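Here you'll find one protein chain in two forms, each presented separately as structure tokens under the names structure 1 and structure 2.
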Structure 1
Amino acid sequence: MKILVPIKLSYDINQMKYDERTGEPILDAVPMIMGDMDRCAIEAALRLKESLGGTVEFLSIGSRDTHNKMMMDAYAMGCDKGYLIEVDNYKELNAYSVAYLISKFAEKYGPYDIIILGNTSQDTHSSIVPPAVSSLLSYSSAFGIDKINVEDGEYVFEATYEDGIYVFKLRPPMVISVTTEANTPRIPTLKDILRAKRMKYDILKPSDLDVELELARVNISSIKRFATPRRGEMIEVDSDEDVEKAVDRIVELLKEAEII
């Protein structure tokens, strides 16, 4: 069985920094990491390989300078082969271009039995690349998976959505995306890391996949720290009278909102 895990180098949004004055993000100061869900995707792939045999390959889109450590990380976790599609201004790629590159890659280097992705990337949280890859390849698919089971060649995936639990039964070839509930990713040991350091990944260009990237840019006209205008009224509660005051204000606001 041949598995592909596309992984993304994302901003660590827990460490977002903004310019106090303009409200614009200072992205250069934000560390970039492999997203949690991408890590779970690798873990899911490795577990499938361990129980069913096969190989786990991984793919990222970006530049050697920034991506090298993440590529090493994926090898350290236990992947067999890595690929990097070199795109210098990778941060400007829109979701469609990413999905398109992945699907073109899968056509040329595949066929893959399973393509596993993280349900959302750490920074954009869109959850749209996995379904787009599935429709570009016309593979069967399931997204946002919390549980994976394999029963006689049939893959059983469980996902929890807003209205309840869905259980999908699929056969390869397929594209799936997993959440952080799916597993707890292994932590590479130093031996794994030292082994990974010696492993090389293949570097290709979009043109190797016959992809012309010109069309695909996001034209963001502005990006700012989010702020809905809020009243920002504050009450500090120290004494019992303060409690009274606070409770009265809450009740007034509930009235204003026509709750009571």
Structure 2
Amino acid sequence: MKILVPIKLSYDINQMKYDERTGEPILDAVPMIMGDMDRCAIEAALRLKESLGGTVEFLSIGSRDTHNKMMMDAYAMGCDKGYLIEVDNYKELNAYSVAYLISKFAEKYGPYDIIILGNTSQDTHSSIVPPAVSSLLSYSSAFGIDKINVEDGEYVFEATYEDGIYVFKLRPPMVISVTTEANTPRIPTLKDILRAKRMKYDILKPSDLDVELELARVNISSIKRFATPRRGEMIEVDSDEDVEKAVDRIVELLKEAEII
């Protein structure tokens, strides 16, 4: 069995600091790490390897200058092989471009039985990449997985959605995404960390995947710290007579509070 785990270098939102005057994040002061869900994706892949055999490979998109530590972390957890697709201004790639690169990589270096991703990155939380990869590869899929079992060669996944617990039964090839409820990622030992430092990962360019990548830039107009209304402040808007007027009033209040 051959498993691929795409991982992303994300801002550590737990260490986010903000400008007190503008409310904007001071990104230069925020370290970048592998997200928690990506670690859970690697752990899920390693557990499948330990029970069923096979190999676990990981893939990231970015720069060797910024991504090297994360790549070593993936090796320290127990992955067998790593790849980095170097892209200038990788932070400006939109989610579909990321998914497209992952799918082209899987087509060239696969086939992969399972592609496991974190359900969402810890900085953007878009949840777009897993279903986009599945669609591009025409793989069966299940997303937001909390629990993984294998029964008689069939993979059984459980996911908790708003209206209940869903159970999916799939056979490879497949794309799945996991949440932080799926497992507790292992902590590498000192021996694992030292071993990882001696390992190398392959560095690719989009052209190696026959991709002429035109950078699809994500233009961010502004980022501000989330503000919650003060406690005890409640405004009632009567919608009994004119719903449209009530909606306009709610939007006006939200703008005044700088929520939208």
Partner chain sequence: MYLEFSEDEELFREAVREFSKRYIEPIWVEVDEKGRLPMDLIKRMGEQGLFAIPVSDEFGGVGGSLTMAAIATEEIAYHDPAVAIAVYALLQNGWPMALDQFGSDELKSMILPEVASGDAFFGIASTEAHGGSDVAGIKTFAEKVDGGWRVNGEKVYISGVREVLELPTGGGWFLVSKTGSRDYGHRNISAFALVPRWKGDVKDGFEPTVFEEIGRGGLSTGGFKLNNFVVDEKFLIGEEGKGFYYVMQGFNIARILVSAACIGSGRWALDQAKEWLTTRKLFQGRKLSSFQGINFKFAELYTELEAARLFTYRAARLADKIYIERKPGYKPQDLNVPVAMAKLKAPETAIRIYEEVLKWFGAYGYTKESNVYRGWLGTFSYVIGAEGGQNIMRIIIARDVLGKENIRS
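We call the rigid core whatever largest set of C-alpha positions still superposes within 1.5 Å between the two forms. None of these values were measured; they are calculated from a predicted model. Throughout, residue numbering runs from 1 along the sequence of structure 1.
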Matching the form predicted on its own against both blocks gives structure 2
L194 C-alpha relocation of at least 2 Å between structures 1 and 2, rigid core basis | no
After lining up the core, report the Cα displacement of E252 between structures 1 and 2 in Å, one decimal place.
-> 20.4
Shift in Å of the C-alpha at T22 between structures 1 and 2 after core superposition = 3.8
